[in-house]
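Starting off, we have a lone chain in the form predicted on its own, written out as structure tokens.
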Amino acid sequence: MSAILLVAIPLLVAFLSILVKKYAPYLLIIVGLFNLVMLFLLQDGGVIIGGFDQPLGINLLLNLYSRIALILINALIVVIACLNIKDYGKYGSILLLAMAGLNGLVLTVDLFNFFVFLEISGIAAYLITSSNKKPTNTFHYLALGAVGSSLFLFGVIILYAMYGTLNYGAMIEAIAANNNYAEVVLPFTLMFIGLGVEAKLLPFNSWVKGALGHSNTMSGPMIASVYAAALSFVLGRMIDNLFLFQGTLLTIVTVLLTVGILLGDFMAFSSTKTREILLFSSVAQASIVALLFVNGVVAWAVWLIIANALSKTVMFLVINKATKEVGCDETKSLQGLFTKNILVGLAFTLATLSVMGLPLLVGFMIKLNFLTALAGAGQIWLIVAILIASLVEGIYFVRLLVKLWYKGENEISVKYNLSFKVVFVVIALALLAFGSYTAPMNQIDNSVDAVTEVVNNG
């Protein structure tokens, strides 16, 4: 068995499912479960495609870093597909295409094929957001995505012209041998901006408000959780093993990410729409993850990606389901949502508190450890900025929770079926378990070097 199957089978089944559209969502679930089983059976190592080894051939690499990302991506796609099989079953083929593209992004070690998979996953994302029934917003996303991918491709072309290779490892060696940092500033900047569009980093993410601000129970968690996690993983890998952010460029990137954290949380604070609160919070969290990778805090950045993906899956599913039935996502319109949905409310509250980083939840352990790591690196001003953003985040999330828990003038009734509740409870318990029972989290110190090593060499 080979890691290529993680890309080839979803892609093949995506095309075949067009012939049997009725069974597409079931094929998606089967393929997703197959991928998850494969990920626990496959051995770490590279895959040579077409008989040409690196740096000339197309190569994939499965290691600790990519395995973690792939398990999260494929598991969430399966969960989202199961919950939306009735209302959005016709998007089964599209989600298969998204699965193939995102798996390829995580596995490839070749910049040109990275661009190909970026386009495949991008096309799937545009089609997924079309389910919002807001064509203008989808077109906005498509236009900005096209600009972002073009900038990324332009940066890749410049690097290829300079070093004659597109393989990560060969390019890293060539750049190190050349020892001229100034000549790679332009291509790295273009590539970072290109990826920043898809990874929701300010100021390159103006599409987010339209795409997630009108999302549903399928498009919301897919874009805010699955795509966000996948792009964060690949951005982190490039930051830690390809992009050479030094001197002025490092300062600019750090400032941009710090401003992104603060602006994201302040925009969430100023909004009265629940979906906007969640999406702006996601923007701030994406900037924190990128900032951790820039500062070499790899292991805790990985944990933060996982925790955010799980929490935002619950939060977007809860709010988007309620918005669909109520017809509005204004916080005052959803006031009292949890008075008759106590179990759902508890799960949403735990997910929210985890994002805030409060004790007894996994978010607290993650925030405590990455702040400690930043303090050890002498990045005090970054810690101050993150703490200010956390304070703002705490205010708007507590305000939101109060609205959702306390009954308003108009009584609202939203019914969540059993499958939704099971997913909410499982994720909430996981967030609570890894926050309360901290032994597995404390042991991460022993694997930091291993995680960092596979990122830096993979």
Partner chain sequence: MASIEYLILILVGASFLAYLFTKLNTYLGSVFTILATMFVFASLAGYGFGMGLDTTVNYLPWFTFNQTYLGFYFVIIIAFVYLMVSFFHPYYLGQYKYKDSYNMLFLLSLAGIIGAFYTDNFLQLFFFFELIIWTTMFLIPQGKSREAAVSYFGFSVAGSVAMLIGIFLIFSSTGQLDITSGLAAISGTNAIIVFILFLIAGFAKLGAFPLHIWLPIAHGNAPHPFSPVLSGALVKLGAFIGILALVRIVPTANLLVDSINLPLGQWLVAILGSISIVFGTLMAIKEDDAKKLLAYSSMSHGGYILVAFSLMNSVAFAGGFYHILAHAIASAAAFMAIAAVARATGTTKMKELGGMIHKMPITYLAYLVAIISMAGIPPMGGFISKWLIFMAVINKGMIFVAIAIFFGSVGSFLYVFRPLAALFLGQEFREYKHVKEAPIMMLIPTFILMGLNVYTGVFPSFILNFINNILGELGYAALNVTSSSIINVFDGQGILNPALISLVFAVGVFIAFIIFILLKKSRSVSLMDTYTAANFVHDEHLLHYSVDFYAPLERLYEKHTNWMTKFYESLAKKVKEIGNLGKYLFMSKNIGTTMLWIITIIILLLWGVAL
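Numbering follows the first chain given and starts at 1. Keep in mind that this is a model prediction, so the values were computed, not measured.
Absent from the display: the form predicted together with the partner chain. The rest refers to it.
Taken together, the three residues Gly45, Ser287 and Leu292 lack any non-hydrogen atom within 4.5 angstroms of the partner chain in the predicted complex.
Of the candidate stretches 276-284, 218-226, 231-239, 78-86, only 276-284 has residues whose heavy atoms lie within 4.5 Å of the partner chain in the predicted complex.
In the predicted complex, no heavy atom of Leu72 sits within 4.5 Å of the partner chain. Of the heavy atoms in Ile383, some are within 4.5 Å of the partner chain in the predicted complex. Under a 4.5 angstroms non-hydrogen atom cutoff, the partner chain in the predicted complex lacks Ser333 among its neighbouring residues.
Contact check for Asn308: every heavy atom lies farther than 4.5 Å from the partner chain in the predicted complex. Distance criterion of 4.5 Å from any heavy atom to the partner chain in the predicted complex singles out Met365 from the list Val355, Val318, Leu212, Met365. For the options Ala174, Leu387, Leu244, Cys328, the one in contact with the partner chain in the predicted complex, meaning a heavy atom within 4.5 Å, is Leu387.
Heavy atoms closer than or equal to 4.5 Å to the partner chain in the predicted complex belong, across 260-298, to the residues Leu263, Phe266, Met267, Phe269, Ser270, Ser271, Glu276, Phe280, ordered by sequence position.
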